[in-house]
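Before any questions on binding or motion, here is one chain by itself as structure tokens, the form predicted on its own.
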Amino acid sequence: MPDNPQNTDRPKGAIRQENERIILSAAEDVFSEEGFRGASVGMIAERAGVPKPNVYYYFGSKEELYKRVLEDICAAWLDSAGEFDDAADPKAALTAYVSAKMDLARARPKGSRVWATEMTRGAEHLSAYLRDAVDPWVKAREATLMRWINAGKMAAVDPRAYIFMIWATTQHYADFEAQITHLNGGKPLSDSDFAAKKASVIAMVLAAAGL
């Protein structure tokens, strides 16, 4: 299936990237709403506004598309910890990381829920990705946290438990958005409400590390 002939004035790489982005965004929505088993390539194509064969052309199969959606949201989470790599100040690094994770929960709640559903089902489609991408990331950040702890820059927390706490707290605002809405008088959090919650989460994460 060739790329859209109306876009022949654009580089083919840019056309492909844009088409993949549109399909991935639609797939994130559909997988969030229907789950892997309930979703179909036809549903995703309709949501994306593209012919069904285009989805197969770019992604090969429903399973490959599902994996790409999962890896895409996780890559955004992992990239949000860029401050960890060279930061000497744990307070600044952790503030930036938690803030970015909260913003991603706000911006991409459906992607987070797709990930959560996959985890509750045993991560059957993601075992290799967890081993090859997520585990090395966690170990690297554990080492950074231990360096700060050993230098007396933060309290002696369990590094892995601390990372898991950050994940659980920040992703709660995406995965349990419906619960939050119901407990907020049936209204979604406004931007100002969310900003206040983000500030509270950051403060609690820092306090847990004595910062």
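Everything numeric here is computed off the predicted structure, so don't read it as measured data. Rigid core: the largest C-alpha set superposing within 1.5 Å between the two forms. Start at 1 with the first residue shown and count on from there.
Not on display, but discussed next: the form predicted in complex with another copy of the chain.
A.B. asks: Taking a heavy atom within 4.5 Å as contact, would all three of 19, 76 and 97 count as contacting another copy of the chain in the predicted bound form?
C.D. replies: Answer is no for this spot.
A.B. asks: Hey, in the predicted bound form, is residue 172 touching another copy of the chain, heavy atoms inside 4.5 Å?
C.D. replies: Yes, residue 172 sits close enough to another copy of the chain in the predicted bound form that at least one of its heavy atoms falls within 4.5 Å.
A.B. asks: If you check in the predicted bound form, is residue 55 within 4.5 Å of another copy of the chain, heavy atoms only?
C.D. replies: Output for residue 55 is no: heavy atoms all beyond 4.5 Å of another copy of the chain.
A.B. asks: Quick one: does residue 144 come within 4.5 Å of another copy of the chain in the predicted bound form, counting heavy atoms only?
C.D. replies: No, residue 144 is distant from the partner.
A.B. asks: Is residue 162 close enough to another copy of the chain in the predicted bound form to count, meaning some heavy atom within 4.5 Å?
C.D. replies: So residue 162 counts as contacting another copy of the chain.
A.B. asks: For the heavy atom contacts within 4.5 Å of another copy of the chain in the predicted bound form, list the residues of 163 to 192 involved, in sequence order.
C.D. replies: Going through 163 to 192 in order - heavy atoms within 4.5 Å of another copy of the chain in the predicted bound form - the hits are 164, 165, 167, 168, 169, 171, 172, 173, 175, 176, 178, 179, 180, 182, 183, 184.
A.B. asks: Does residue 97 show a Cα shift reaching 2 Å between the shown form and the other one after rigid-core superposition?
C.D. replies: No, the C-alpha moves less than 2 Å.
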